[in-house]
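Next comes just one chain, in structure tokens: the form predicted alone.
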Amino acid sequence: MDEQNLLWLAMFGYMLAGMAAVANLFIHRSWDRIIMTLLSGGVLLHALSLGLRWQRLGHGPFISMFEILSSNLWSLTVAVTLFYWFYPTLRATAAVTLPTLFILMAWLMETSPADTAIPPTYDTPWLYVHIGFGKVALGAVLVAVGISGIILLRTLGQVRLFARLPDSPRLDTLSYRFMALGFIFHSLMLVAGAIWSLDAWGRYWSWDPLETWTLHTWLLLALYLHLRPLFHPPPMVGAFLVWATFIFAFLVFFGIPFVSQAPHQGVV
């Protein structure tokens, strides 16, 4: 129950931070410190919840759908919090990224927190490396989504809310850099996953559903990174491409395990 109570408190903090970030766009007072406190406190409480479960079960939170959603909610919120801290001029992006995470929170509340056991093939350090790279990749793409969301909202006529932010071309460039960072760590995730696969099952690749669709995500990221320098699309088009890539990656990271009931089903 301590694990669950800490998790609910963390999510409550995330929700308050998200609502405050949206409200911050429409008021003249700054709630940046309040939002930062809520995010930091939520991340700490969530980390304690994950740590207690890890200590009790003896394995990381990546077996059941509940564990996958919870650990990724934590890592994505960490990415948002770090960006909020290091890029104070772009804190308005939290009004886009945090409400996006409400989807994970709602989904998490519908899953069972039942105890899990780790399969023998998962008991390898390469699994932790593989998952860690994946979390950094998705976190970088989420930050790019927040930046691109500002560009899209400006295009829809909400210029007044973001008048103090850098112009759209500069935001588009920063978004591109975070997408490139996501591509790098996604590539490292694939390499680490192949090494884990060789160690666990004796082959680098098996074309199971999650492996195949993760490769498609990598190709989509590569396509975006090549289209921008080749065709120089306007910031609005680039922002749409970022969102399309994120939606696809989001569905792959969480949709495929949901459909197959277990990550890499059939090979554990």
Partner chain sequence: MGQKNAVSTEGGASPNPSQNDQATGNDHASRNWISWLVDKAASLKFSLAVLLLLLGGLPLSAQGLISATALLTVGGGLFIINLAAALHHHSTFHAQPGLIVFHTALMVLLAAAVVSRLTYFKGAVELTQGEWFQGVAQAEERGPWHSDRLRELRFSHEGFTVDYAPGLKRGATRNQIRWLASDGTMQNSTIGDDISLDMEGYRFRTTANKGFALVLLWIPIDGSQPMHASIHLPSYPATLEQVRHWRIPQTGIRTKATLLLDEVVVDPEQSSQFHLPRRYRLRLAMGDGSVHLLKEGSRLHFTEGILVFEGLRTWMGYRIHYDPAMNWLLASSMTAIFGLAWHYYRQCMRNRWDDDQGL
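Residue numbers count along the first chain shown, from 1. Small disclaimer: the values here were computed from a predicted structure and weren't measured.
The same protein has a further form, the form predicted together with the partner chain, not shown here; the description that follows concerns it.
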property: The unique member of V191, L82, L161, M109 whose heavy atoms fall within 4.5 Å of the partner chain in the predicted bound form; result: V191
property: Selected contact from W54, W31, Y204, F240, since only one has a non-hydrogen atom within 4.5 angstroms of the partner chain in the predicted bound form; result: Y204
property: Non-hydrogen atom contact L219 with the partner chain in the predicted bound form at 4.5 angstroms; result: yes
property: Proximity of M236 to the partner chain in the predicted bound form, heavy atoms at 4.5 Å; result: no
property: 4.5 Å heavy atom contact, L174 to the partner chain in the predicted bound form; result: yes
property: Non-hydrogen atom contact I27 with the partner chain in the predicted bound form at 4.5 angstroms; result: no
property: Whether G60, F62 and K135 all lie within 4.5 angstroms of the partner chain in the predicted bound form by heavy atom; result: no
property: Interface stretch in the predicted bound form with the partner chain - options 69-77, 135-143, 176-184, 95-103, non-hydrogen atom within 4.5 Å; result: 176-184
property: Sequence-ordered residues of 128-150 touching the partner chain in the predicted bound form, heavy atom within 4.5 Å; result: none
